[in-house]
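Take a look at this one chain, the form predicted on its own, written out in structure tokens.
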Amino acid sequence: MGQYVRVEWRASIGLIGAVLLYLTLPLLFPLALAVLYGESVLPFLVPMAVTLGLGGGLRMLADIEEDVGPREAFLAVATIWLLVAAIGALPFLVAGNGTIAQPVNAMFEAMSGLTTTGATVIGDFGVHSRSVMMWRQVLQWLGGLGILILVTAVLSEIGVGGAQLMETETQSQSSNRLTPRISETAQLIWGLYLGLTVLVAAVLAGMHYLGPVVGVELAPNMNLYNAVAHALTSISTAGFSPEARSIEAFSAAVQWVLIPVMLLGSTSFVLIYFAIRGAPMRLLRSEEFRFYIGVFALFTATSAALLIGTQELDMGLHDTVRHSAFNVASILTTTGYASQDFTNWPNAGQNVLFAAMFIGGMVGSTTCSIKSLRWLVVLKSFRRDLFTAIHPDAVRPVRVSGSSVDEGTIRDIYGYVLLSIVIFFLLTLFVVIDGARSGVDPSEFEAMGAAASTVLNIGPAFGRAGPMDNYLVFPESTRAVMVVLMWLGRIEIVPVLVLLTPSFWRS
């Protein structure tokens, strides 16, 4: 029998075109700032014209009668993330300032923003306009919103890497979604996400403006611009900051406030929704939530214990606990902020942060990395395997929050975790080899940190790619590969790899 094309690509491009048309709306915010501050508006008018033209053209080619099935969803998801990042790079290119005016660097910065990675190639923060810097923040906010909708409405439905377990964890009665329609789910998430962002911005700005009124300087540098900028990238667990020194530029009070905000952003938004609707106990009943908070507490305590008494850092108990909690929360939630340059920490403390890179927050949150639910299933499954090795006739299902996990889902999760680790090792090898070829010669720990940070979408790494530096140290070829790996990691690897299989395109 002959082979037949099975993917209804016209349905996919219809969805892609619609997303691109909507992209003009977030571009209005930095455009308004450019007008307000008397800066050039061309960096935003050009991408708006491109999105309208390209999005409108794709909608004209689309077949709106075709349904978007699993194959069409894979194609649309992978393509949307790539195209939006490409359009997101246009303001940097049109502005023409600094290191991000170069095409590969512009794409690196945009992909890092959209995937909420937070790695940067900006060499001089001072040469960029406030509107362009705010566009970086908006890109990350869009990426956080996009992954929420993607996971709750798409990946959970088609079962990518165990994402379907989110329904089990939240104990909802709907079919893997908050509502039966993707559009309704998107509206609900959009409202919750926007509301939390506004709340965080109000708290940060209030600390700045109300502090002097009560006679306390709580946040002297956190003006309205910075409050909005950091609200956009904290609730999205993204990590960009208009400040070259990240959150080190702000007071201890700001850092304490941002710790629970980062933890909130990496908590399942479905659980947050139910908690707001009057069922907060769902959080405590969630094994994934307890596991994730437990890991945060353990890593914070370990980090603080390793830093106490370190003469080079010269910190008291309060500062030690604060910096440990902040930087562990930042790396564990894959936010990528930094309250100090942790590359100056002792090696043991840096290794705690490196281990935290591979964990991540909850499924159904804005966080990246492998995610706590997958590790919880892996640990429970491994413990079950040890038990059945001793009792081969026993039937012992893996349970999460009281519900049995399907064996097929367990295999999906094992496959996803293994694939993530293999890609991490391959990228580490490439960073070392390509760095040696170009004369950069990164250390093994530098290469491992940069590889984990990009493929798991963490942001800062170690050594010369640490939180107060940038990724310009790596050759252009390495940065180009990192762009692809950030894209691959953010959309859960599978939607991209599936497109490379011949069986995806033909029966």
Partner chain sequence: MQVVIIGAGEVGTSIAADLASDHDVVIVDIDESRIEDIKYDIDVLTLAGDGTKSSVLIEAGAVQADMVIASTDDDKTNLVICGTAETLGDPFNIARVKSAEYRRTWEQTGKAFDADFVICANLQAAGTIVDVIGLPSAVEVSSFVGGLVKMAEFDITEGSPITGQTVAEADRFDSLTFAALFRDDDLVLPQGSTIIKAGDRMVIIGSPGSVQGFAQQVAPVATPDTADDIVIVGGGEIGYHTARMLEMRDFSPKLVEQDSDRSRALAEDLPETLVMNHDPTDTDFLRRERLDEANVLVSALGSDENNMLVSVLAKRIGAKRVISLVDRSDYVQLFQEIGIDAAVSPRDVTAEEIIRFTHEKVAENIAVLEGGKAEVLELELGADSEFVGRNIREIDESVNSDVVFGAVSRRGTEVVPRGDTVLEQGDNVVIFVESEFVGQMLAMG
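Quantities reported herein were computed from a predicted structural model and do not represent experimental measurements. Positions refer to the first chain, counted from 1.
The form predicted in complex with the partner chain is left out here; the points below concern that form.
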note = In this chain shown alone, the residue from G294, P260, P280, P397 with a heavy atom within 4.5 Å of the partner chain in the predicted bound form is P397
ask   = Since exactly one of G191, G96, P346, P392 fits, which has a heavy atom within 4.5 Å of the partner chain in the predicted bound form?
value = P392
ask   = Using a 4.5 Å heavy atom cut-off, which stretch among 332-340, 400-408, 118-126, 138-146 contacts the partner chain in the predicted bound form?
value = 400-408
task = Verify the contact flag for F382: yes if a non-hydrogen atom of it lies within 4.5 Å of a non-hydrogen atom of the partner chain in the predicted bound form, no if not.
result = no
